[in-house]
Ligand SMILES: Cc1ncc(COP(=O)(O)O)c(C=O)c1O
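As a starting point, one isolated chain is supplied in structure tokens, in the form predicted alone.
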């Protein structure tokens, strides 16, 4: 723990700034002098430590100095053999993990409710997905974790799979039985890679779901910025040696991550690691206490249901993170999207997530009794003003996983044509469609578009959900694989080879 008090990167950039070094290097603002309006608002210190890679600050592509030292401290704090700092978000880490364990045509087992970054990793790596249906909570319309039995079945059906990809916990706080699933996969020599974007705090409270590294996973990408205070876009990737080659991981990271890292982001990772390593139990314990108080208060509000701990032990929920406070507002006659708008416009509260049924509030170490009390009072006031008898909104369940016709990579690079979404049933999609947050795709490249998906997208559009994924920002049109053009190219290639 003595070592955990150190902040090698932060110390290096502060030393550079206070020495008064005269820069003839990038960035071009030269300690903010070239951007005076911005400097006046954010301050000289912020822009003074916005530096680049040089001997004193190390190089993220091949760290040997302060970055290497800081990463070693992070690995120790999280119980990993190695840690890698990320400045392109957990997205870069997830894509690097998939690229590290899969090459083109390799199979990877993953839940359908994986984040969109995982599907980007499939395209980049050329891997073929073997999807597992997550368990569903029908009352809230929320997908949960996957069961060990489904993972084992998928491995038995696809023994050549190169990895199992899991989410721990998912966006709504439910966790799969990561220990048992890891045992199942490792017994067959298959590595476990984990999207732990919402689990950077798990290790520091025994009442939370077990962290990926503690469960024995091989790789885990963790969003430090989401829950333990580093700056947005800064994350970490952790590795346990054995089934995954660390050199391969680093090579993949060097493909997905910038060569010009922000030292503001790196410094914030350094300081956030120090704080959580030294004060983690106290800080996360207090955060959990605040979250449980909010949950208890909201449970008593008529018309509101709270998604929570009573799910633990059910299929797909081996553990639950109470800091994700998700309320179902359907009985108030509201969609989650409408609740978000009311909170933002009338009470200046920004929520973490909203969907057709639910609104989520994220409680973190940055919260206080004052902030959570204000939140609870505002929600109670909204509920009291509603006349919610007989105005329950009805929505169909999330569509089933559509058939996979070709690999995501093949669909992405195939000739395409653009169709009106309403006329695209039966076509092979060349794009994804997802509501964001949480960024879980309804359709992915290579899958057959179903009428069920089209109908569900129409419902989301009516509720003004934030839909993303297609080149058309309004999601009125979608690119599909042009099968005729694809066949022509294939015939031409065969002819060329024969000649």
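Because the structure is predicted, anything quoted here is derived from the model rather than measured. Numbering follows the first chain given and starts at 1.
This protein has a second form, the form predicted together with the ligand, left out of what is shown; the following refers to that one.
When the ligand is considered in the model of the complex, only one residue from 379, 167, 213, 318 comes within 4.5 Å through any heavy atom, namely 167.
Contact with the ligand in the model of the complex, defined as a heavy atom within 4.5 Å, holds for exactly one of 240, 226, 162, 186, namely 226.
In short, of 250-258, 410-418, 84-92, 205-213 it is 84-92 that has heavy atoms within 4.5 Å of the ligand in the model of the complex. By the 4.5 Å heavy atom rule, the three marked residues 171, 197 and 235 all count as contacting the ligand in the model of the complex.
Using a 4.5 angstroms threshold between heavy atoms, residue 201 stays clear of the ligand in the model of the complex. In the model of the complex, none of the heavy atoms of residue 330 sits within 4.5 Å of a heavy atom of the ligand. Although the partner is absent here, residue 117 lies within 4.5 Å of the ligand in the model of the complex, judged by heavy atoms.
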